[in-house]
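Listed next as structure tokens is one chain, alone, in the form predicted on its own.
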């Protein structure tokens, strides 16, 4: 266990140690790690996907992907919340000498909720539209990496968050497949209201 903790701290210190060396990289990291760029990008991708598709069948697959991604986010957030009841890990800037490019979050560092959300969207969408899912995975990965670079998460925190997000997206897909009439009903209502 001590080996993994030391490796985690060493990896954090190495990556966070680049802060201040390349000002342009710090500026990019500040933008990526913010609460706005990646969440807004993911939200716009979901909205665009909801209304896209060359055929009615393709449009419905995309809409099911959006529902899966949204439910995946809900499940991932619930899992993070439950895990935080049992595990509280201080942020790296609390216990180590770290350079911060972000505000000081006070919640548990493990698992990374932003990573969980981003990967839940990417996986949930990707199970219905591989091309879009593959495009969103690097966005999720960059978001997770920026959390470490900016000094607010350990590498294991974002890996744990990614695992929770992957599980949340997969569980959402299975749940919506099991409850097939529910997504069909939602789509029928949305079409009747000219929202799909």
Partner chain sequence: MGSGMEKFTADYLLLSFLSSWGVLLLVTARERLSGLLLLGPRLSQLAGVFLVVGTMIWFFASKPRNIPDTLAGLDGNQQAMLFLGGTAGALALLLLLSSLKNWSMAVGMPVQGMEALRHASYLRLVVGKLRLRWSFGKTRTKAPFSG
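Positions refer to the first chain, counted from 1. Keep in mind that this is a model prediction, so the values were computed, not measured.
This next part talks about the form predicted in complex with the partner chain, which is not shown.
Asker: Go through 167, 135, 37, 142 and name the one with a heavy atom inside 4.5 Å of the partner chain in the predicted bound form.
Answerer: If I apply the 4.5 Å criterion carefully, the residue I get is 37.
Asker: Would residue 194 count as touching the partner chain in the predicted bound form under a 4.5 Å heavy atom rule?
Answerer: Although the partner chain is absent here, residue 194 would touch it in the predicted bound form, with heavy atoms inside 4.5 Å.
Asker: Can you tell me whether residue 103 touches the partner chain? I mean in the predicted bound form, with a 4.5 angstroms heavy atom cut-off.
Answerer: Because a heavy atom of residue 103 falls inside 4.5 Å of the partner chain in the predicted bound form, the answer is yes.
Asker: Taking the shortest heavy atom distance, is residue 129 within 4.5 Å of the partner chain in the predicted bound form?
Answerer: No, residue 129 stays farther than 4.5 Å from the partner chain in the predicted bound form.
Asker: Residue 63: heavy atom within 4.5 Å of the partner chain in the predicted bound form?
Answerer: Output for residue 63 is yes: heavy atoms within 4.5 Å of the partner chain.
Asker: Need the contact residues for 52-81: heavy atom within 4.5 Å of the partner chain in the predicted bound form, sequence order, or none if there are none.
Answerer: Residues within 4.5 Å: 52, 53, 54, 56, 59, 63.
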